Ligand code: NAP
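In the form predicted alone, a lone chain appears below as structure tokens.
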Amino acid sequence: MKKVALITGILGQDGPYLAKLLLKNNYEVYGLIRRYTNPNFSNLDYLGITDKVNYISGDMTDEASLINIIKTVRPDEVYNLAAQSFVGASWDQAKVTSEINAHGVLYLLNAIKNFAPSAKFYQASTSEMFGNSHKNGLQTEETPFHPRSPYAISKLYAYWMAINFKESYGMFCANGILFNHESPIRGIEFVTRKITDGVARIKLGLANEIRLGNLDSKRDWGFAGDYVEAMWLILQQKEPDNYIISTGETHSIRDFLDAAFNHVGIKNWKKYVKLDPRFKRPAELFALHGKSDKARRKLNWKPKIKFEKLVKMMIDADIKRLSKK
């Protein structure tokens, strides 16, 4: 008998990659979508799985709809990937960010507790919860949290709520503390995709500049396709736990620009990049560098796609998209 999985945030970046992995492992996959007039299935189309997922309407801010979904689907596994995930927007939209990312998780956990208590629950946590806190330059599962944005604060609420439901009700609730992960279907508002789309446009003669904020920020960038494998492995364990998922390597935005422009044969990118104060955060997060030893040891997981290959994948996909248009 097939396992049944529910994925919230199915239309984002990670949802399609996770759905593809679960389908490969013979799951029946349900994806929660909000009742849009015209839902955007382009990310699922990119991976060729749009017609292989069962879609069910709901909203993370509507507890009644989540109860109905859990009662209807009766999932074996729930992957909560839904979020207002753009950090920059969370200062201007702190209320809606909190309603979706924090309260929505509480509503979903309550629905699971009452109507599918044996289901395993995965919460998509984030390295942003650490802020600039680190130990010897690295963030581990024991590093204190110091969130630097409304987004990170909302995610920290969800992180502790998952732990609370595990300890209070004996539910299988686990957190994956994922560091930055990108792909060709990353949202255009995120800096990595903004760079690869901009470089592709410059290469094709469709633009002559990219506007960015802090070029010195450093991140631990991996490939979303690798990271969803870790999500699945976390729910295959006998006991729920919290895991950092990262590459262990950091690169600055300048490094990303170097790799992107070099790939299209442009050596001097500085004349194409304009600094724009609009894209600087009110509270800057300078560096994220994760130590994923626990995941490598207990899950037997490790990232496969290196930084340079990731940048090339994203550039090539954007050039292909723009060339078709």
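Sequential numbering from 1, following the sequence displayed. Nothing here was measured: the structure is a model prediction, and the numbers come from that model.
The same protein also exists as the form predicted in complex with this ligand; that form is not shown, yet it is the one meant from here on.
K.L.:
Can you check 56-64, 296-304, 266-274, 23-31 and let me know which stretch has heavy atoms within 4.5 Å of this ligand in the model of the complex?
P.N.:
It is the stretch 56-64.
K.L.:
Which listed residue (98, 125, 250, 149) meets the criterion of a heavy atom within 4.5 Å of this ligand in the model of the complex?
P.N.:
Selected residue: 125.
K.L.:
Of 102, 230, 174, 81, which one comes within 4.5 Å of this ligand in the model of the complex, counting heavy atoms only?
P.N.:
The option sitting close enough to the partner is 81.
K.L.:
Examine residue 199 and determine whether its closest non-hydrogen atom to this ligand in the model of the complex is within 4.5 angstroms.
P.N.:
Residue 199 lies outside the contact set for this ligand.
K.L.:
Does any heavy atom of residue 219 come within 4.5 Å of a heavy atom of this ligand in the model of the complex?
P.N.:
So residue 219 does not count as contacting this ligand.
K.L.:
If you check in the model of the complex, is residue 130 within 4.5 Å of this ligand, heavy atoms only?
P.N.:
Close contact is absent here: in the model of the complex, residue 130 is far from this ligand, nothing within 4.5 Å, heavy atoms only.
K.L.:
May I ask you to check whether residue 178 falls inside a 4.5 Å heavy atom distance of this ligand in the model of the complex?
P.N.:
Yes, residue 178 is a contact residue.
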